[in-house]
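As structure tokens, one chain now follows by itself in the form predicted on its own.
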């Protein structure tokens, strides 16, 4: 099997995708390094090391709960001992800018012959110095967040597809929409179902190898981009699980959520919520009760297509087992819908709910 892979944003060139070192300096934790955690948990590449001087000497699993046998090192130089082929940017910061102190690390990685994968809004290929160093050393940069050219305005085509399209939506950003979509896809595949995952963000693309990061699209084309990748997935899958983005309640990112809803025209929605988060992070806006959130999403969809929230996916990573079970019961009592944490307990309960709702 080839150790190279064609990724979005790589200018038509294949990227080494077998041995990856993740750059997460100063940010390697469950919430601060969403991309790193996603790659380690679900990635089809092998993560050989993580760069983060704050946790150097520990193993990834000790810090984020996954990543057995993956060492954390203090520098790129230390990481080279593990013979990486590619450096992956392991964070998705607000605004998607490159931390200034990381610039030299990227240049050094290219000088050492490593390809670079980035999910930032700031495209590394557009940086003259970084692009020059990459070209000089024969390295590939994949700016996976760069949208493809020629995106259409949505035409509402997904409303008429017979396939079961399931969109994850959330009470806030970073509550587990991508993970839930992946868990349901993988769970469906284990059951022999023709299922596919639709990546709509940089981390999902890094994991699945294809997709469009819709938050980098011009606003007019967000729904069209979502429509395109759902229709592509429907060619070979009967069950299509779409990674949600943002939240209808989020003052900054609600636009991308609405674009995804209209573009995908889902047959079902799964509502994702972090139990320990009472407010929209960074805004102090209270998250409404889950039954109200369910009704709101269904009302938003109703004018264009009838759809329902069919299950609640809870994120309980920071709760004790007894607290998590209590939260699951309370969510079910409040909404009347099946609820579970599919990272803690597996996806079967939520998948059963999705299949049952499809009739």
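Since this is a predicted model, take the numbers as computed values, not measurements. Positions refer to the first chain, counted from 1.
Below: the form predicted in complex with a further copy of the same chain, not depicted.
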Margin query: Counting only non-hydrogen atoms and a 4.5 Å threshold, tell me whether 145, 219 and 249 all contact a further copy of the same chain in the predicted complex.
Written below: yes
Next item on the list: Just give me the single entry in 131, 74, 107, 285 that has a non-hydrogen atom within 4.5 angstroms of a further copy of the same chain in the predicted complex.
Entry: 285
Next item on the list: Identify, from the list 223, 230, 88, 114, the residue with a heavy atom within 4.5 Å of a further copy of the same chain in the predicted complex.
Entry: 223
Next item on the list: Classify residue 334 as contacting or not contacting a further copy of the same chain in the predicted complex by the rule of any non-hydrogen atom within 4.5 angstroms, answering yes or no.
Entry: no
Margin query: Is residue 255 part of the interface with a further copy of the same chain in the predicted complex - any heavy atom within 4.5 Å?
Written below: yes
Notebook entry, point to check: Is residue 214 close enough to a further copy of the same chain in the predicted complex to count, meaning some heavy atom within 4.5 Å?
Noted result: yes
Check: Is residue 300 close enough to a further copy of the same chain in the predicted complex to count, meaning some heavy atom within 4.5 Å?
Finding: yes
Check: Among 177-185, 134-142, 203-211, 152-160, which stretch sits within 4.5 Å of a further copy of the same chain in the predicted complex, heavy atoms only?
Finding: 152-160
Notebook entry, point to check: Listed by sequence position, which residues of 118-137 have a non-hydrogen atom within 4.5 angstroms of a further copy of the same chain in the predicted complex?
Noted result: 121
